[in-house]
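Let's start with one chain on its own, the form predicted on its own, as structure tokens.
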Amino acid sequence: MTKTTSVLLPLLLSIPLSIAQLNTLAQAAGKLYFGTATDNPELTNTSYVAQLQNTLDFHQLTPANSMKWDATEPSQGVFTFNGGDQIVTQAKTHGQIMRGHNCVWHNQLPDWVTAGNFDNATLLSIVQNHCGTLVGHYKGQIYAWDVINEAFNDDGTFRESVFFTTTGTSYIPTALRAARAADPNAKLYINDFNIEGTGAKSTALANLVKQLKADGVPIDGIGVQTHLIVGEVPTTLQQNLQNFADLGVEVAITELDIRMTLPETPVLIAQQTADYQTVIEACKAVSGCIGVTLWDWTDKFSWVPGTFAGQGAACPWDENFLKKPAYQGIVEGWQS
């Protein structure tokens, strides 16, 4: 700890709740960042952008869509980075850390990938080129990449994606090695959902990380998405984060939101506030949990209502960009 840090830390830790802000408190708790996902259409909303660039709350950004395969390589070998570049520029301008999302995922793939009928060797070459080109374009600008996204089914078996069906698990080390070669300093993550608590899926991911390490494949982190439902935070969350960290990798909460069945009620709002606090306390308690990212910060742009009929109100700010009690839950989680 530097002399400056030792002087400032007690001051940060004693910030009154009335003026506390999420990233300030996360860093006071020893974390690298508190951040949020964002998406390009939202950047035309000046009120939204004013909060997005508030580094007292957000020290990190993730592009929700503009670095995915369909956005970056819509035709084979033809790469477009304008959307991703816009969000990187937004982050750079305000000194915010970037997480890259993502290199290989079964969803949001262009037809040429899913319907190409490529053989094993050709598809592995395509994966290698896509990951290497994408990560290489942003070399030195991205703290961490979700290189592999959602590789497992909930029962711990591998998802039957075009990649797994054609190459087995070979696409995973191929992608990770290509990413490492393209940017040796970027942290390389595997990111998934429903791995918040212990269970078959978490065990399968842990076993994969162990195998990758044994095989000398670069792997630096596990991203725990944490798309949760009010009242259903796993009781094993903190232990599971610790289990992942004990593998010798970073752990990050990468896509946090906590949805409810609408309409909102005082009981649901109180439970959501407590749930946000519980999640933050779990990350705070695990030294290997390096940061937390909201999957956008406002209900106005939440993905939840469009995906889960009748559910929503998942974010710490409402549709009018006003802080909800959930915000205070995060504050209290860091300060507990």
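Everything numeric here is computed off the predicted structure, so don't read it as measured data. Each residue number is its position in the shown sequence, starting from 1.
Omitted here: the form predicted together with a small molecule. The next part is about that form.
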(message) Just to be sure I understand the contacts: of 125, 107, 76, 207, which is the one whose heavy atoms reach within 4.5 angstroms of the small molecule in the predicted complex?
(response) 107
(request) Could you spot which one of 85, 150, 183, 264 gets a heavy atom to within 4.5 Å of the small molecule in the predicted complex? (result) 150
(request) Tell me, yes or no, whether residue 227 is in contact with the small molecule in the predicted complex, where a contact means a heavy atom of each within 4.5 Å. (result) yes
(request) Examine residue 259 and determine whether its closest non-hydrogen atom to the small molecule in the predicted complex is within 4.5 angstroms. (result) no
(message) My question is simply whether residue 32 lines the interface with the small molecule in the predicted complex - judged by any non-hydrogen atom within 4.5 Å.
(response) no
(message) Against the small molecule in the predicted complex, would residue 48 count as a contact residue? Criterion: heavy atoms within 4.5 Å.
(response) no
(message) Check for me: heavy atom within 4.5 Å of the small molecule in the predicted complex, for each of 59, 317 and 327, yes or no.
(response) no
(request) Sort through 63-71, 24-32, 48-56, 271-279 and report the only stretch with a non-hydrogen atom within 4.5 Å of the small molecule in the predicted complex. (result) 63-71
